[in-house]
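Coming up is one lone chain in structure tokens, specifically the form predicted alone.
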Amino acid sequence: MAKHKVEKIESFERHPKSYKHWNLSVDGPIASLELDVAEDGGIFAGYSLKLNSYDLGVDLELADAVQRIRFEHPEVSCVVISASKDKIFCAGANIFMLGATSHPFKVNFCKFTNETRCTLEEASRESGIRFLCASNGTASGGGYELALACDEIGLIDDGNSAVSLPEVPLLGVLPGTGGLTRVTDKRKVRRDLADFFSSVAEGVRGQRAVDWGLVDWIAPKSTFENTIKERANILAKNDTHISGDPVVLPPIEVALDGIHRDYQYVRLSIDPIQRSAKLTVRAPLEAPPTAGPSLRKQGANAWVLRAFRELDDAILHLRMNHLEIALVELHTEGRAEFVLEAEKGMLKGVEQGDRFALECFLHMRRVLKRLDMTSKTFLGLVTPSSCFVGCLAELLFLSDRSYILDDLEGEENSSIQLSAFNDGKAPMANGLTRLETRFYGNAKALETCLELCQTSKILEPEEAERAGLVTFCRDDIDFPDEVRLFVEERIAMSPDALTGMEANLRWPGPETMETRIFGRLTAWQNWIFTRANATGPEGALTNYGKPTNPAFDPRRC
């Protein structure tokens, strides 16, 4: 087997005190996130982060900052994203970092970057936090894509600063973290103008950028700062923002034991030889408190937050540090009634307008989406010790295949239980819930399951199979053999073909801006990154910054 380049990320956690690239400050309802990239602060050695270009480390800090604003600064209703360097906002993803890293790392980096962009949009839509990008200089590539994720874009009018998506003319790749999609679907830029804009490396500046809808306003240097303050104050005054008490997010505790990552509620076990992993989520250890003051008193230790923070961390390690893992078994364990009580308390808090409960709920949805977007085969396995109920039942519905164990004589049988959480509470990227997606086009089956959400009936193995909530129900003789054969067959298949197949099958139904973005990442960008015109010896990405010009294979396919 060929050896692959290893790009190990020790930790995906960040904290404002350790930020290298962002400055976070809060003044009442307005927070400021200032980009000041340390050139020598790359997450790997061998490249310099010039011109406020970014790598994964920069994005990890941004994701952490937005998360902390939502939990630790609930008074904030507007975030101003700006840059400290003169005449440059952000030059986008660092080209030399992209050139030096492996293909799988590139794609997973782009995926995380765009999930972070989507988090900004979700915070605006669901939490009422508005984002203002104040571009004090040129915003190109991923820098402009960060601006596109904001509610409003302001550009300094100095005769030089521009917005641009130069990937096609300069690098032979796509604006890989949603640029093309947000220009047309979100900013509603006319197709032919978007074609021109995406084909010229220098981009568009000044009044033309406003006229085309690429930015919302421009201001000369003399009034730029005052305009930012005026616009931020206007954006901060909205009726959708819910304030509340701050909840501090402590470091995630994990015990490392060779191939295991053991958190309080999550365990990740890696089998490098079989190229598979087991990911287990545990129920609360005791009956959790109800919503309101009791939930807030638990703070970051509340199961609905802590378990899913741990799950999110485990997913990122799977993605970035275990690229060769082909299949992930999803397990749950513990008392189902504790899971249902925890989520019931959270949902009650959301209904009562509790900000902490809302952010726990939204975080849970984001983590489940992160699983949806992960290029691994997911296998859900239901046994008597499982607690696939409510929010944890979503793990079954996002799985590519699932089995439930039946007919255990003298033992408690396996079961599944739906709850109100499964009824419209957690949409996927396609705008549908996982149940709606699972039964797309089968209204009768969906209606049956939605009734089960209201009654919370406990489903025995054969009932779960008849309802379509699992793929197969098998007895204790066939269950281990079928699971073993499925795992062996799956890891023997082409990883590329599986990634394409699974991504196509996970989001049937309506196309959304989000499915288009991640579809391009999974298919178009994935393909383009491996083509000689981009990364071959004479490709545009390979020759960027060199005195040699790229040479393209002229055949279009």
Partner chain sequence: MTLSAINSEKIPNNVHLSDDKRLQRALERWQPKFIDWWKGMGPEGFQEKDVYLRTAVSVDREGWAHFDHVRMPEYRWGIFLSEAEPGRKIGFGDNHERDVWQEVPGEHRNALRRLIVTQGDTEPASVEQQRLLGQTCPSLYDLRNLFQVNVEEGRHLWAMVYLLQSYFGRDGREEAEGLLERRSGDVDKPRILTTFNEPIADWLSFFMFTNFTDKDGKYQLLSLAESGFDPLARTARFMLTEEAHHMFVGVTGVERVVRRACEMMKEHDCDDVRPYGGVPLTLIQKYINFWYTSSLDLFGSEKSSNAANYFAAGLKGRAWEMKKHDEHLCLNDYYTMTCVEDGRLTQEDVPLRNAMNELLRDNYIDDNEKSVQKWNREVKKHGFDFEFTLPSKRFHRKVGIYSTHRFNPEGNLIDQEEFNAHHDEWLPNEDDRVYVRSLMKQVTQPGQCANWIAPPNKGINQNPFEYEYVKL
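Numbering follows the first chain given and starts at 1. Nothing here was measured: the structure is a model prediction, and the numbers come from that model.
Quick note: we don't show the form predicted together with its partner chain, though the next part is all about it.
Undergrad: Just to be sure I understand the contacts: of 443, 256, 477, 287, which is the one whose heavy atoms reach within 4.5 angstroms of its partner chain in the predicted complex?
TA: Result of the distance check: 477.
Undergrad: Quick check on this chain: which one of 497, 45, 492, 505 has a heavy atom within 4.5 Å of its partner chain in the predicted complex?
TA: Comparing distances to its partner chain in the predicted complex, the residue within 4.5 Å is 492.
Undergrad: Would you mind picking out the stretch of 477-485, 324-332, 360-368, 296-304 that comes within 4.5 angstroms of its partner chain in the predicted complex, counting non-hydrogen atoms?
TA: Answer to the contact question: 477-485.
Undergrad: If you check in the predicted complex, is residue 473 within 4.5 Å of its partner chain, heavy atoms only?
TA: It does: once its partner chain is placed as it appears in the predicted complex, residue 473 has a heavy atom within 4.5 Å of it.
Undergrad: Quick check on residue 157: any heavy atom within 4.5 Å of its partner chain in the predicted complex?
TA: Residue 157: no contact with its partner chain in the predicted complex.
Undergrad: Given that the partner is absent here, does residue 400 sit within 4.5 Å of its partner chain in the predicted complex, heavy atoms only?
TA: Flag for residue 400 set to no.
Undergrad: May I ask you to check whether residue 408 falls inside a 4.5 Å heavy atom distance of its partner chain in the predicted complex?
TA: Result yes; residue 408 sits at the interface with its partner chain in the predicted complex.
Undergrad: Within 4.5 Å of its partner chain in the predicted complex, counting any non-hydrogen atom, which residues from 455-472 show up?
TA: Heavy-atom contacts within 4.5 Å come from 465 alone.
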